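Okay, so here's just one chain, in structure tokens, the form predicted on its own.
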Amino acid sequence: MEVDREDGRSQNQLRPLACSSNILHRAHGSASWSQGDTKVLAAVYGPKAGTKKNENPEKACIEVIWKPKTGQIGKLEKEYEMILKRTLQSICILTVNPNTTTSVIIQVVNDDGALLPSAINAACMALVDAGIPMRHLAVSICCCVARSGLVILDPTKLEEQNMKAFAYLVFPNSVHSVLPEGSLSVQGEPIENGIITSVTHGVMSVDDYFYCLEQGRAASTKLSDFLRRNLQQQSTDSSKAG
């Protein structure tokens, strides 16, 4: 049984992707990420000396500031800041620059669904552009459970509003890592089989959740390939420009 989507996509088909880095001259690192009509900009400033209150001075601190397209920041945006901060802290190597703060600014340009995953993907690219030490990259995807029980990937805003439940999932993007080989597995399980962040909204069954994980992990492979190709191309372009 196939779901009828307004834009004609299949249930597992992602919207067109676009990204670029080093787009803001005053930031230490920056990137834009688009999925369909959803677009987010990310800027990284730092690391700067000193950590925020209640942070461990023996480690680097990640600060996330979310800027909506219009209006003031609300409860949902505060939740996004917290999720993004915890996700970035888990993939950055916080012991390299202790007692410093790196600020990640997220600017929403347009929201047509899957906004938080787009912001996470943009932030990862901006951190790479800024040269922040990272264990590995990460890619994020939104999986929705329709009222019919079907699972769809990368929903538009209208689809999100009509779904029974949805999950924001963040996966390691590959086994390629700056850490020693022994760090590429957790309890014997390869890192690419793991999950970094999982946030659900609405009510879904355990079977639906695991199916979301399965479909999300498959989609993360496509996102990882796209991310890696773009980073390699931009690295090549920068070398030629130099």
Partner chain sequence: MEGRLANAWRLTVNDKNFIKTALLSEIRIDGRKPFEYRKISIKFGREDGSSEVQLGQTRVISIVTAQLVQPYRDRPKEGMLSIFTEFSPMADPSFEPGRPGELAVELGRIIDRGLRESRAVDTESLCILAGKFVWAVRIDIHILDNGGNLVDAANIAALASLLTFRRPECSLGGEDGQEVIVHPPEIREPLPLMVHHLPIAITFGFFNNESILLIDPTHNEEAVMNGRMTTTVNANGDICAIQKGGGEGVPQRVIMQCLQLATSKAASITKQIKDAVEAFNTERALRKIKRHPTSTGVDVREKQNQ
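Positions refer to the first chain, counted from 1. Just so you know, these numbers come straight off a predicted model, no measurement behind them.
Only in words, not in the display: the form predicted in complex with its partner chain, which the text now covers.
Tell me, yes or no, whether residue 60 is in contact with its partner chain in the predicted bound form, where a contact means a heavy atom of each within 4.5 Å.
Flag for residue 60 set to no.
I'd like to know if residue 43 sits close to its partner chain in the predicted bound form, meaning any non-hydrogen atom pair within 4.5 angstroms.
Looking in the predicted bound form, residue contacts with its partner chain include residue 43, since a heavy atom lies within 4.5 Å.
I'd like to know whether residue 23 contacts its partner chain in the predicted bound form, with contact meaning heavy atoms within 4.5 angstroms.
Judged by the heavy-atom cut-off of 4.5 Å, residue 23 is in contact with its partner chain in the predicted bound form.
Partner proximity in the predicted bound form: residue 146 to its partner chain, non-hydrogen atom cutoff 4.5 Å
No, residue 146 stays farther than 4.5 Å from its partner chain in the predicted bound form.
Which residues within 211-231 place at least one heavy atom within 4.5 Å of its partner chain in the predicted bound form?
If the 4.5 Å heavy-atom criterion is applied to its partner chain in the predicted bound form, 211-231 yields nothing.
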